[in-house]
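Here you get one chain, nothing else, as structure tokens; it is the form predicted on its own.
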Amino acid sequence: MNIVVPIKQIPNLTDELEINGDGTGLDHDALQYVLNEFDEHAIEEAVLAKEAAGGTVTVIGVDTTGELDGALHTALAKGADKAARITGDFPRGTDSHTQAKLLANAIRSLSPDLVLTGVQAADDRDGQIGPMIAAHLGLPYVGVVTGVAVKDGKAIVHKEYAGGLMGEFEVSLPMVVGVQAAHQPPRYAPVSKVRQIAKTAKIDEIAGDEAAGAGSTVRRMFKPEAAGHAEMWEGGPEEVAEKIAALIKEKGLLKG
């Protein structure tokens, strides 16, 4: 079974995010990039599926940061068998539509049985990559998945709905899955193993072809502005209740 996992690097959201001089996006030169958390779950689910049913796992990404090799080496250390990088003159912060088209064109040449991608990326939260890859490839898509089992050319996927409800779908392969959480927490890849793999691993290069953009642009981006502050009242219940009543009266919210 041929399993492909598209991955994406995102800004480290624990860092202070700065807006660029034009005010149209983040200052990417000041950012550190990490592997998207949901893609880590997709890698784990792919490796689990390989261990259960056999096959190979190929991890692929669009190199918009010049730092994708580190994420690919980490994926190989976690159990992936092959890695590929889509190359081209791509700006940092390339939109989801463009990345999905580039990924789909590259994945098509790999003839996958199963494509597992993170259900969304933590930097945009739009959840578009998986469905758009499926649309470009003409394959069925199921998202918000928390488990995949493959048998006899079909995949049994468990999809989570609001309120904790779970649905089970049987889908003929090939298909695309948006993974929200793997069967188990993503396995840890020791830094020593990642460094060892980096010395010997072969990363295939795929030239990115022309891709359609999102059709929209960001005109201006702003940081949130502080609009006020909270005032904490101390005292017993009766004292605080009197203060609340006085404030409501002051604001003119009492009638009669």
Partner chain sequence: MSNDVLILAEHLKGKVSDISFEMTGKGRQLAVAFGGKAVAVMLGSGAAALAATLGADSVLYVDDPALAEFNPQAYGRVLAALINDRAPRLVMVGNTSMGMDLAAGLSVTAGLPLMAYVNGLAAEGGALAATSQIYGGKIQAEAVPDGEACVVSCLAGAFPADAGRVGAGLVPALEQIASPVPLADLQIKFVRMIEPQSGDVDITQQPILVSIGRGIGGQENIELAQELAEALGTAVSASRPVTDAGWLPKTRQVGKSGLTVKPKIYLAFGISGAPEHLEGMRGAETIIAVNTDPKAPIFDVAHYGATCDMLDLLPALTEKIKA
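Think of the rigid core as the biggest set of C-alphas that the two forms share within 1.5 Å after superposition. Positions refer to the first chain, counted from 1. No experiment lies behind these values; they were computed from the predicted model shown.
Not on display, but discussed next: the form predicted together with the partner chain.
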Mind telling me which stretch in 125-133, 109-117, 69-77, 83-91 gets its heavy atoms within 4.5 Å of the partner chain in the predicted bound form? 125-133
Would A30 count as a contact of the partner chain in the predicted bound form, using a 4.5 angstroms cut-off between non-hydrogen atoms? no
G21: touches the partner chain in the predicted bound form, heavy atom cutoff 4.5 angstroms: no
Counting only non-hydrogen atoms and a 4.5 angstroms cut-off, does I206 reach the partner chain in the predicted bound form? no
Give a yes/no on whether G54 approaches the partner chain to within 4.5 Å in the predicted bound form, heavy atoms considered. no
Which residues from 153-175 come close to the partner chain in the predicted bound form, meaning a heavy atom within 4.5 Å? H158, K159, E160, Y161, A162, G163, G164, L165, M166, G167, E168, F169, E170, V171, S172
Can a Cα shift of no less than 2 Å be assigned to I244 between this form and the one not shown, given superposition on the rigid core? yes
Comparing between this form and the one not shown on the rigid core: C-alpha of E160 shifted by 2 Å or more? no
Yes/no, G79 Cα shift of 2 Å or more between this form and the one not shown with rigid core fixed: no
Change in CA distance between R125 and D89 in the predicted bound form, which is 3 Å or more, as closer or farther: closer
Kindly indicate if, in the predicted bound form, the C-alpha atoms of E45 and D126 are closer or farther apart than in the structure shown, bearing in mind the change is 3 Å or more. farther
